[in-house]
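What follows is one chain in C-alpha cells, specifically the form predicted on its own.
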C-alpha cells in the first residue's frame, strides 16, 4: 500500500510530498537476533514484568476457582510479606532454599550437573545429628561443631561423583541421582532403627537440646537467614572476585579451550563440586537444627528440584539465586495460606507456583533474544 504525505521543510518553509509504503501487517517479516548485551536494570525490569504477568494469570485462575478477587492482593502481598509472622515463615523457608540454590549454581558454573543436592543435604543432617546423639564436643561449641560436620559430610558425599567423573568419565547426572537414593534409604535405616526416638517410638531422632538449636535473634529465622546471606556473600566473592571465579568463567565458557590455555579445569571443577556439596550439607543442618529441631525422614523432599530451578532462573548468579529463592519461598507460604483459608487444593497451589516460575523462566528469552523487523527488499 502506497501513501502520499505532505511535509514542510522547517528551514525554508517549502511544502513537499513524500511517498510512504505501508506493508500489510500479516506480510511483515521478522527475524530473531541474539542480544549482545542488556543492561542489568532492564533485565530486572523484564523479570519484574514476568512476575507480574505470572501473578495476573494465577489471579485469574484463583478467581475462577472461587477465591474472592478483592482478597488476592491481601493474601499474596499484605498477609505474606507485611505480616511479621508470615515474613518469618518466608525467611525460614528461604534459608535452606538459598543454600541449595547456591550449591547448584556453583556446581553448574563448572559444568558439573550436581543433581545430588538432596543426598548431600541428608548427609549434612545426619552428621549434625550424630554430634547431638553422641554428645561430641562441649555444649558451648556443639552447634558450631554440628555446622562444620554437616558441611564436611555434604562435601564428602559430593566428592565421590566428582572423582568418578574426573578419573573414569562416569556421568555425574546418573551418579549423583543414584546417590540420592542411597542417602535416603540410609536415613530411613537410621530412623527406623538405632536412632529412633525412644520416648515417642516415632521414626525420627530424639529432639535436639536447646544449645543444639539455632539461636533466635531478630525472630526465629534470624540465625538461619544470616547464615544463608553470609554464604551468598562468600559465593559472590568466589565467583566474581577471586582467581578461582575467573577460572570458573573460562571453564563455563568452554572447558576444552580453558584446559588448552593452561586453566586448571579439573581442579576448578573439583573445587566447585566440593563447595557445592558443603553448601548442600549446611542446608541439611539448617533444616534439622532450625525448622525441625531433630532428624526427620522426609525433611529433604523437594529441595533438590528447588535448588536446580533456582540456579537455572538465576543463571548461576549468587545474588540472583538468593532473590529467586525468596520468591519461591514466598509462593510456598502464600500457597499454604490459600490451602488453609480458601480450601484451594494442593494441586492448584502447585499449578500457580509453576505458572509464575514458567513466566520468570520465559523472561530469559527476552533477555537473550529480540525480534527485529526485516526491511522489505
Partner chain sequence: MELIGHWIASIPDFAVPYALAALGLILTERAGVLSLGAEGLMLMGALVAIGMQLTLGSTLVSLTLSMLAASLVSVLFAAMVVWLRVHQVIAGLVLVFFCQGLSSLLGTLLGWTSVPVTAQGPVALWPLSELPLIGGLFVQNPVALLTPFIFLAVAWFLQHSGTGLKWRAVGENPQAADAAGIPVSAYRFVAVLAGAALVGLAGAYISLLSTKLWIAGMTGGRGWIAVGLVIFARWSPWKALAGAVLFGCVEALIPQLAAAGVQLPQYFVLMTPYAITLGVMIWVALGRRVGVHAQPGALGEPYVREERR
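Since the structure is predicted, the reported quantities are computational estimates derived from the model, not experimental observations. Residue numbers count along the first chain shown, from 1.
Another form, the form predicted together with the partner chain, is not on view; read the next lines as being about it.
Trainee: Tell me, which of 144, 200, 185, 254 has a heavy atom within 4.5 angstroms of the partner chain in the predicted complex?
Mentor: Comparing distances to the partner chain in the predicted complex, the residue within 4.5 Å is 185.
Trainee: Within 4.5 Å of the partner chain in the predicted complex, heavy atoms considered, which of 48, 38, 32, 56?
Mentor: In short, 32.
Trainee: Though only this chain appears here, would residue 271 touch the partner chain in the predicted complex if you measure heavy atom gaps against 4.5 Å?
Mentor: Residue-level check for residue 271: no, no contact with the partner chain.
Trainee: Though only this chain appears here, would residue 332 touch the partner chain in the predicted complex if you measure heavy atom gaps against 4.5 Å?
Mentor: So residue 332 does not count as contacting the partner chain.
Trainee: Any chance residue 179 has a heavy atom within 4.5 Å of the partner chain in the predicted complex?
Mentor: Residue 179: contacts the partner chain in the predicted complex.
Trainee: Using 4.5 Å between non-hydrogen atoms, is residue 308 touching the partner chain in the predicted complex?
Mentor: Contact with the partner chain, yes.
Trainee: Can you tell me which of 319 to 327, 48 to 56, 332 to 340, 345 to 353 lies within 4.5 Å of the partner chain in the predicted complex, counting heavy atoms only?
Mentor: It is 345 to 353 that comes within 4.5 Å of the partner.
Trainee: Would you mind checking 159 to 174 for residues with a heavy atom within 4.5 Å of the partner chain in the predicted complex?
Mentor: Going through 159 to 174 in order - heavy atoms within 4.5 Å of the partner chain in the predicted complex - the hits are 164, 167, 168, 169, 170, 171, 173, 174.
Trainee: Between residue 119 and residue 346, do the C-alpha atoms lie closer or farther in the predicted complex than in the shown form, with a difference of 3 angstroms or more?
Mentor: Closer in the predicted complex, by 3 Å or more.
Trainee: Relative to what we see here, could you say if residue 350 and residue 302 have their Cα atoms closer or farther apart in the predicted complex, with a change of 3 Å or more?
Mentor: It is closer: the C-alpha separation of residue 350 and residue 302 falls by at least 3 Å in the predicted complex.
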